[in-house]
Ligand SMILES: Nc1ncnc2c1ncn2[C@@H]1O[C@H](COP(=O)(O)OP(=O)(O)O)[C@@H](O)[C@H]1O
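Take a look at this one chain, the form predicted alone, written out in structure tokens.
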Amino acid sequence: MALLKCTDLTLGYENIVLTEHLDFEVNAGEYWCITGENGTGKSTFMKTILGLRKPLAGTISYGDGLEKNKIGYLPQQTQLQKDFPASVTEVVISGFQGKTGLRPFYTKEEKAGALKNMERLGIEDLSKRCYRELSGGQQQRVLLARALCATGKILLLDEPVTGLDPKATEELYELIKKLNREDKITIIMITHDVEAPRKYATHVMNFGEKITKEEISSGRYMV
């Protein structure tokens, strides 16, 4: 069963159409890269999956036990967020907030889960550090660990390597690949990196771009 199924989906806001007639399924274990020019609806697509925006038309359905509050999301950071004065542990464990409801505390299981995700991403030694004192690459690992606390199935990543140096970029890509290949977590990633789709993705969707007939016939690419 598909995790996500989009049927004749039209995306936009205030009746401004950005992308329309999207029909596709995302299955467990796949790695999708979403490419395209700015303003073609890529971030709007992710916000629609998360239920933060309503589609202008069409539907998104969820399967295999997936719910909106069980989707891990790593958005693009603002400068204010980069300066957030909290410890790494506090940032990571906040990924469970979608599951706590009105409960004003974290359970032992959630605390253990936060530690496990920090260990998965190699940042357990940073647990007591202040988030705003970290490098860009370290901050992205923290936010990825936070997103993992929300899900065991799927991660939505919006330009996760923006602003990172080449070494940090490669390290983050390899961590994401490991989560996909070894932990079987489905990835949907927005990227402007022209190499990432060819190197990592099982499927590529181009918003508002032309691609070759050969790429379409390969089955990996969608317009």
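One-based numbering along the sequence shown. Because the structure is a prediction, the values reported are computed rather than measured.
Not pictured, yet referred to below: the form predicted together with this ligand.
*Asks:* Quick one: 18, 43 and 53 and this ligand in the predicted complex, is every residue within 4.5 Å by at least one heavy atom?
*Replies:* Spot residues vs this ligand: full contact, yes.
*Asks:* Considering non-hydrogen atoms and a 4.5 Å limit, which listed residue (182, 67, 37, 174) is close to this ligand in the predicted complex?
*Replies:* Flagged contact: 37.
*Asks:* Check residue 24 for me: does it contact this ligand in the predicted complex (non-hydrogen atoms, 4.5 angstroms)?
*Replies:* Taking the distances in the predicted complex, the answer for residue 24 is no, it never comes within 4.5 Å of this ligand.
*Asks:* Looking at 59-67, 193-201, 43-51, 174-182, which stretch has residues with any non-hydrogen atom within 4.5 Å of this ligand in the predicted complex?
*Replies:* Correct option: 43-51.
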